[in-house]
Structures are given as structure tokens and as C-alpha cells.
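The data below hold one chain only, encoded as C-alpha cells and taken in the form predicted on its own.
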């Protein structure tokens, strides 16, 4: 699967790359040994309320559209008959020449945050695996417009990296918060220490501990930048 950001797969790749990075291991030696070195990354302002299914990268949306355009008439009739009320109501607002076109248009004009209400297992069976997986993750992991990622960092190793389904149940000594666009800038090469000091990213935690490990912090950012990432939004 492509390393979509933000996703469970991207975070797993990030953990692996950190643990393969000898420079990071050396620069972060001692981190978390006598204190809690865990982090939560809060990725806020994900545009799930204004991004539609049609706005997702074409390799996700177009393959699905092509499948729906090519299935048999009996199959599309079955999908329309089984559609939840939330989708059929959207279809009523669409002007199109055929029920198939109304169905596809209504579906692809649905905002990402509303997708759980207009999808069901039989429709998901028509989706490409990546799209089905990512929509499932967005439903499970996006809380309003925020994704929370937890990293257990200890003595040069990233022991755990996971997207949190229940963020209130996990505490961390350091919480790094920024809008989605700032995280994409970080992955594209922005300086993480500069972002914190300029308050583009908010650090909740003992900043003096981070300042003692500036090279490790920068290497964390550089490691993210070396991942071949495709942004979901």
C-alpha cells in the first residue's frame, strides 16, 4: 500500500525508518531513560468536512468510479436499492440522465466526514482495497478533525508507533500539535525546532528536555522527509 499521510501504514514505515537510522539512534541515546519520552502527535484541521470522495487523489477515486461505471445494470440497480437513506436523499438533489449517474455523482460529492453514513459492506466490496482501508481508518481514527499518533521513544529506539483510536485513554509526556498543513510542511523539509520555537507547532511538555536533544529532534523530522509519502489531502 502507498504511504498515505496520515495513515497507520505511514506511521509504521516511520517507526521502521527511525529504528534503521543510526544517526537518530546515536543522537537520541539516553532519551526517555530517566523520564517519560513518549510523544503524541496531534494532527489537527484535517479537511474532512470540505473534502469529498471525488477530491481524493485520483489513484483512489478514479479506480472506484471506473468500477461503478462498468458494473452491470442489474448490479447498479441492486446497489441503488440497498443504498442507505442518507445516500438516496443526496441522489434526489442530483440532476443526471440515468440512475447510475445520479448514484455515482451523489456518492462522489459526499464529504469524507459523511462517508460512513452513505456506505455499506456491499458497496465497499466494489472499492479498491486502498480506498476501503483508508476510509475505514478515517472513520476509526479521525476525531472531529484531528488524528492522534502515539510514539514510545526510548534510548534511541522507537518502541511503538500507532494511530490512536481512543486518544483520551493514552497519556504522553510530550504532545506536539499542529494543523495538517504544518505537518505536511515538516515532511517536505521544514525545521521542526524552528517550527516549535516560532509556535507554528505547539509543544506541550518540558521543552528543555527537547533542547538537550536538538539533533535527535531534527533527525526525526528528516527521517519523515525521506519517506516516499503521498498526502491524502
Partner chain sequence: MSQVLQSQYSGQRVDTGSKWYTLFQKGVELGTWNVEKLFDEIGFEQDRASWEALSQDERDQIRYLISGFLDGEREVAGDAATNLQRIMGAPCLDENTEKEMYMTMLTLTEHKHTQFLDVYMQEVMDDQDNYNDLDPRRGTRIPVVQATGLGEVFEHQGLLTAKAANTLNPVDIAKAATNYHLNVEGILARVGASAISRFPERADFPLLNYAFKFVSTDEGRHITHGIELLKELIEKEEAGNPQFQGVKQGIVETLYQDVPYMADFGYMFTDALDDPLGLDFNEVLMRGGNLIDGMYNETLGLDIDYMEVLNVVRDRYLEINEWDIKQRVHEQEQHYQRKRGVAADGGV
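Numbering follows the first chain given and starts at 1. This structure is a prediction, so every number in the text was calculated from the model and none was measured.
One more form of this protein should be noted, the form predicted in complex with its partner chain, which is absent from this view; the next part is about it.
Examine residue 33 and determine whether its closest non-hydrogen atom to its partner chain in the predicted bound form is within 4.5 angstroms. So residue 33 does not count as contacting its partner chain.
Would you classify residue 194 as touching its partner chain in the predicted bound form, given a 4.5 Å non-hydrogen atom cut-off? Yes, residue 194 sits close enough to its partner chain in the predicted bound form that at least one of its heavy atoms falls within 4.5 Å.
Given that the partner is absent here, does residue 218 sit within 4.5 Å of its partner chain in the predicted bound form, heavy atoms only? Residue 218: contacts its partner chain in the predicted bound form.
Would residue 171 count as touching its partner chain in the predicted bound form under a 4.5 Å heavy atom rule? No, residue 171 sits far enough from its partner chain in the predicted bound form that none of its heavy atoms falls within 4.5 Å.
For the chain seen here without its partner, which of 178-186, 198-206, 54-62, 162-170 has a heavy atom within 4.5 Å of its partner chain in the predicted bound form? One stretch meets the cut-off, namely 198-206.
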